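In structure tokens, one chain follows: the form predicted alone.
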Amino acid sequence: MPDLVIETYELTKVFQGIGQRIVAVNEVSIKVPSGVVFGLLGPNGAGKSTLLSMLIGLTLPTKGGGKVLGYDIVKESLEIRKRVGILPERIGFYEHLTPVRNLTLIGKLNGLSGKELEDRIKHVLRMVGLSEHMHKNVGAFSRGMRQRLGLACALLKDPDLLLLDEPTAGIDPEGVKVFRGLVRDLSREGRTIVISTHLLRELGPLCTHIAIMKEGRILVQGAVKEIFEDFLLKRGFTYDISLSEVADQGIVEEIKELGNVVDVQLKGRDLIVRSKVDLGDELYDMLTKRGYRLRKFTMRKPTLEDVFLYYSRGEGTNEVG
């Protein structure tokens, strides 16, 4: 398998209608390393689904190109679809059939048959926790169970790469928890997983690498750890400090004298300090030497929402690391 499972070059898709021109994907160049959980994050309408569709050859690009598993997305799309497991945002099943019958039909369409297909069906249903429901009609399944069955479909070919489009949309919290566990298990097996989602809080923590997409463009991409480090360096550091006694206003001026301090807010016993650089050690030493006892001293950790808002306002560069 190549080091980069997915690589695109200024990939663009323009839809022409009567009196309108929609640029769904705008010069997207992304790199997805092997073995990672890659989050394609952004609001609905950002172009995420169109991008995934181009990666597997279901939608032809207007401009640009790319490779998936080393295969050209236009010239060799059939080879890509043979090797990639896909969970679309809206997946349909035959409601009157069982998971086994549905998977049998899908397996045969993918060239599987006989005992090999029977063994794969049992294996994937066990992987997604549906073994005890394998002979029930899909029409009785909840949204979460259907998504797990969709994941079983994607795994039927035993793919090295999985593309999951909005996999937890409409699922209850317990179903989301189960789905996250499945993704973690699949990642531990060494599979590369791409998750397209607007639900940053639900699935963002699973990702080792991300690309944030808005209005067809990639705002930032890279390893999550490096993106967060870059965000802190550009936006600065924020410390929440709670003292055991009320502080006087003079402490504000003393903190400002440390240098690289952007803002200091004092409310009774609570301090909020924003700085351009990491001043954690200096702040701690200064306060304790002044005789203050610290009830709390924490540096705020940025969230994916913080990062998304920062880059969506055009304040950052589009690649980290």
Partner chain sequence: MKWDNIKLITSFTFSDNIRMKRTFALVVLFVILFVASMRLATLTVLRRMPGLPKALIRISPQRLFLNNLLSNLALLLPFIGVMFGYDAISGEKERGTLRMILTQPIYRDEFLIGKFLGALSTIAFVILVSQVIAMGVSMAIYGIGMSMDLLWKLILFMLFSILYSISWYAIALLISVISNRTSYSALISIAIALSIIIIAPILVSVYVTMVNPPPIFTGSESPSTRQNAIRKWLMETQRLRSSLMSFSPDFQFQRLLRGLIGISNDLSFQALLSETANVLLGSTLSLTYLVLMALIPLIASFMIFVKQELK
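Values in this document were obtained by computation on a predicted structure and should not be read as measured data. Residue numbers count along the first chain shown, from 1.
There is also a form predicted together with its partner chain; it is not shown, and the following applies to it.
In the model of the complex, no residue of the candidate spot (143, 183 and 190) has a heavy atom lying within 4.5 Å of its partner chain. Only one of 102-110, 207-215, 127-135, 230-238 places residue heavy atoms within 4.5 angstroms of its partner chain in the model of the complex, namely 102-110.
This chain lacks the partner; the member of 56, 30, 266, 287 within 4.5 angstroms of its partner chain in the model of the complex by a non-hydrogen atom is 56. When contacts are judged by a 4.5 Å heavy atom cut-off, residue 92 counts as touching its partner chain in the model of the complex.
At a distance threshold of 4.5 angstroms between non-hydrogen atoms, residue 251 is out of contact with its partner chain in the model of the complex.
The shortest heavy atom separation between residue 86 and its partner chain in the model of the complex is within 4.5 Å. Though the partner is left out of this view, residue 120 does not reach within 4.5 Å of its partner chain in the model of the complex, counting heavy atoms only. Contacts to its partner chain in the model of the complex (heavy atom within 4.5 Å) from stretch 4-29: 13, 15.
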